[in-house]
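What follows is a single chain, given as structure tokens, in the form predicted on its own.
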């Protein structure tokens, strides 16, 4: 295996013995717009027995954004390589122990994205290591289905995407195009609408709203005019999305503008799921068939009285009563590790 251009990242291996048989591992990576997580999981050999529950995690490492659309390809690669090295080092393992890697990263939207990353990974790992590259939504789905690709996942954090798979391998997605192309319903989308509402109210183009006082207080600003400088000084998606709890609090307190923003976000998130379900026929011919819907992301977590996730499910139920909402017991990075293991097992049984 090569050391790649950041050879110093792997210097810790020089002081480690080659891992003996029986101590092999699997790596799972979940790379999003806000952070990147890598977990190192023991490799379980061919067996008819189910995986242990809970799934053991040997080590976990965290780094920054690894979406190449946000930080550029060079920075994304450095982040991904560093977080893998950190996880292996923490687990007392090295690359010789790795059997499979599943890298699930936001920004992987086309086969060319997959091939580019696979080529780079092949420079890092030996030829016997099985490598899989997916969109981060796939790992999120797997975190709720224990590594099986079937059903739909809705991610609503800084960004949003709905992604679905059928048992015969067909897939479809909706949303996930980033803030410029309309990730409405995402944390960024909700907060951006709130900021816009404050500016409109200040101009006299929109109704007055409690969002003005609450957002200015949260940002330690004294006037809506200062929002312009604050926003464009660092218009990063995660920084804007961090204002979502303020919007929810205002809606809880009865602010009509904040309430309308959240209601529209519910409709947008539900419509993304419905589009995927319809295209894949996950609900069956009669529209009443059951399918898992994995719910992931801070926007979908229970927030005081205004529970966005609950409202999204209720909206989907109206058209697809067979929806089976799942809140994952493991994080998406573990879902990616389970995917790597399942992909490996399926290939081994061919």
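Numbering follows the first chain given and starts at 1. The shown structure was predicted, so the numbers you read here are calculated from the model rather than taken from an experiment.
Below, we turn to the form predicted in complex with a further copy of the same chain, even though it does not appear here.
Listed stretches are 96-104, 180-188, 79-87, 138-146; the contact stretch with a further copy of the same chain in the predicted complex is 180-188, by a heavy atom cutoff of 4.5 Å. Contact with a further copy of the same chain in the predicted complex, judged by any heavy atom within 4.5 Å, is made by just one of 279, 122, 170, 260: 279.
This chain lacks the partner; the member of 74, 208, 126, 231 within 4.5 angstroms of a further copy of the same chain in the predicted complex by a non-hydrogen atom is 231.
Judged against a further copy of the same chain in the predicted complex with a 4.5 angstroms heavy atom cut-off, the residues 200, 204 and 240 are in contact without exception. a further copy of the same chain in the predicted complex comes within 4.5 Å of a heavy atom belonging to residue 225. When contacts are judged by a 4.5 Å heavy atom cut-off, residue 235 counts as touching a further copy of the same chain in the predicted complex. a further copy of the same chain is not shown here, and in the predicted complex it never comes within 4.5 Å of any heavy atom of residue 166. Mapping the unseen interface onto this chain, residue 249 falls outside it, with no heavy atom inside 4.5 Å of a further copy of the same chain in the predicted complex. In the predicted complex, a further copy of the same chain lies within 4.5 angstroms of at least one heavy atom of each of the following residues of 262-296: 268, 271, 272, 275, 279, in sequence order.
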